[in-house]
Structures are given as C-alpha cells and as structure tokens.
Ligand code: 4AD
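The form predicted on its own is given below as one chain in structure tokens.
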C-alpha cells in the first residue's frame, strides 16, 4: 500500500514514476466516456492535483460517486502532466470514496459564492480557495508571533479569560455567572447578590490580558500574551467582533520610545515572514482583491495592492509624529479645508477617525505612522501622564488601508498618580487593589502594546470584513458554529 503524500509536497518535489497515495476533497470532475479528470485538494496548498482515471480500469459506479465535495483516496503513479495549468498528474490505479457528497445538496459548487453566503456555511467555507488561503496565512502569522518573541527572549503568559476587572474601562463585557437567571439571589437592597455566585463576586470575560501581563513583566521583565478577548459591544460593522484574539507584550524598563521601536520591529517581522512563507496564498488573495475592486470607482480602490502594502511596511521606517503635530497637519490639509473629511478637524483633543489616520499614512507621509502623546481625556487610566498635565505617553501605529493597527503606551508606574486617575474615572478601587500594589512594591518604568490579531489578518489578506479572517466569527445574534 502506497504511503499517503500531501499535495503540497508532491507538487514541490514530484518523484515521477513513483507510486503514491493522495487523500482529499474533490473540487471538480470533468472528462468523457473514456477518461475522468479529477481535481483534488487536501488543504496543504492552494493548488489541486489532477488525478487521471482510465474508465476501463476504474469501476464506473465509483466514478459516479466522485462529485464535488466528496472525499476520496487515490493511489497511482506520478507523471508529468500533458495538459496546461499543472505540472503533475496522478494516474489512478485505485480509487476509494471515503465520504460521499450529494451533488443536489452540497452547497459549494464550482462557481463564485458571495462572502455573505459563505458566512452562513462557516462549517464548509474552509474548503474554498479563499478561506483555505486565509487560514493557512493565519497559521503562519500565529507561528511568526511566537517565533518573534521567543527569539527576543520574551516569555509567553496565559492571562485569565474570566476576570473581575475591566481593563479598558468601557464596561461592555460579557458576564460570567452560575446564578439562576430567572430567580437570582438578592441583597437587602434588592440587587443581585454576587457574593453567592461561583467566584464570590461579579466576573466577566476579559477584554484584555494587559493588566495581568503587567504583573508578570514586573518579575520576568519581558512577557507577551496571545489569547482570546471579548467585548459585548452591539456593533455590526465590518471591523468588530465579540470574540477576537489579542497579542499584548509588556516590558519592564521600556519607555515610550523603546515601546514604539519594538512595535515597529514586530510588525515588519510579521510582514516579511508572510512574504517569505505564504507567497502562493498571498498571490491568490492579491488577485482576488484586484478582481473585487475592478468595478469600484478609482477613489474607492486600495492605494496599494496587497503585496505592495506588505512591502510598504517592510521597506519604510515608520514616521514618529506627536498627536499635536498630527492635528496641525490635518487641520491645514486640503480635505479638511475643503470639507471633504466626514469628520472635520476643528480642535485639539478629539479622537482621530480612520479617514484622518489613512490621510496621514497614504497622502501626507506616505509611510506607516506612529502617533504619540495623546490627550489624557481620550485614553485609558493606566497610561503614564506627561508633565504638561494634558497628555499621556500613548502611541498608535497607523497603516495604509486600515488606519490604527497597534495601540500602546508607557504605563503609569507612580502609585499616587495612578490612584488619583482611577478615582477620577470612577473605577472601583477594590477591584484594582492588586494592580495598585505593584506600584507600592518595587515599581519600575514599563510599557506595552496590543495588536488585534484579526485586525492584522485584515491587513495581510486584503479581506474587507473582519468576519472573514477568523474561522468562526462571533457577532451580535450570531454564535451558530
């Protein structure tokens, strides 16, 4: 019995004349009464292998079961292809149907399907070329994240998924409870008595591993988390998920400049790794993006192709600009003066929108941009305050086509300043006692940042909707798969 080979390996290093076995799913079948050409894909590569079956040697009843979507095992000789479009054929000597797929019922027929339709059949969409490519790239990026931090001497930390604190102060969290939903215990004041809950107090799914990551950095120096995070924001936009993955490094003894430099190095590493290890899939996704945009107006198309965007990140030094400088640039820009921005820039202190961020990257500086020293009032409580009393040592990295991709800051290490800020923002001190204590016992300057992994995946694949870069998206009203 011939040993199974992966299609990727066969195409990269074909041993012509050797007998081999391939297992996979049928993409297409064509032919005539004498011969059948079967395109098989096993997920190891975007490319199919063509199995050629002589109908005098293969049971005709078996061939009838070889329909699009069926899973088959094929054994035969590897030969050079006589046809166009492929270099290798597999001459079938034995064929086994491992799993049938009814031609009338199987929803993934050899035609173009909309992304909206494919979201409805998320259990099958990995079998398409588009999603096979996306999920292979996703794996490569996960591996590259761990590889980068391992090479830098960082330690990976698993932070809690269930938490009693709200790292962002946004309040949009999923509650975790074992209390009776119809008749929960009540306090004398008539409120839900969480002291009788599983953990003894109110708990939620985490929005970030950052706060716990800081605790570890103040012992191990350089750590990173890479885990699921959750936000109960009732948003149905193309950029929001209820469940998503975050990469959050935290570094002791790093100031804001060190933080910005590490984040730039990290993003360049990921972009370079993608181009070195995923080029076949990226070429396919690049062609797909160009095809998708060809019917759009010129101003609606991407400034750069997918491959050009990745090269843009690798080739350019990121421009570091203060928030105040950026506001002046935007206020005096043509789109602002001619009122072409949807959100006009009139005053210092406002939160920048994606259109402003993209203008800075794509039109003004023509390179990735790192904005720093943001207004205190639009940033989180844990960011280190500057001496001006108005700004904090925050930084955001802006990319072409997407706007903000990384957010981070130097953390506030001074106990009194942090405690005052927590009080100002009405954050319950009893839920943050452990965080404050690290500022009492051997505090140190430290910094960190967060990269939303799905946001990065949008950038690296060229997909427009965040629901299409995660295997099973969780959004309002949708948790089916």
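Residue numbers count along the first chain shown, from 1. Small disclaimer: the values here were computed from a predicted structure and weren't measured.
The protein also exists as the form predicted together with the ligand; that form is not presented, and the subsequent description refers to it.
Q: Choose from 338 to 346, 207 to 215, 148 to 156, 103 to 111 the stretch whose residues reach within 4.5 Å of the ligand in the predicted bound form, heavy atoms counted.
A: Heavy-atom contact with the partner occurs in 207 to 215.
Q: Taking any heavy atom pair closer than or equal to 4.5 Å as contact, tell me whether residue 246 reaches the ligand in the predicted bound form.
A: Taking the distances in the predicted bound form, the answer for residue 246 is yes, it comes within 4.5 Å of the ligand.
Q: I'd like to know if residue 164 sits close to the ligand in the predicted bound form, meaning any non-hydrogen atom pair within 4.5 angstroms.
A: Flag for residue 164 set to no.
Q: Is there a non-hydrogen atom of residue 227 within 4.5 angstroms of a non-hydrogen atom of the ligand in the predicted bound form?
A: Because no heavy atom of residue 227 falls inside 4.5 Å of the ligand in the predicted bound form, the answer is no.
Q: Find out whether any non-hydrogen atom of residue 119 is located within 4.5 angstroms of the ligand in the predicted bound form, and reply yes or no.
A: Because no heavy atom of residue 119 falls inside 4.5 Å of the ligand in the predicted bound form, the answer is no.
Q: Quick one: of 222, 258, 292, 233, which gets a non-hydrogen atom within 4.5 angstroms of the ligand in the predicted bound form?
A: So the residue touching the ligand in the predicted bound form, by this definition, is 233.
Q: Which listed residue (352, 310, 241, 173) meets the criterion of a heavy atom within 4.5 Å of the ligand in the predicted bound form?
A: Selected residue: 241.
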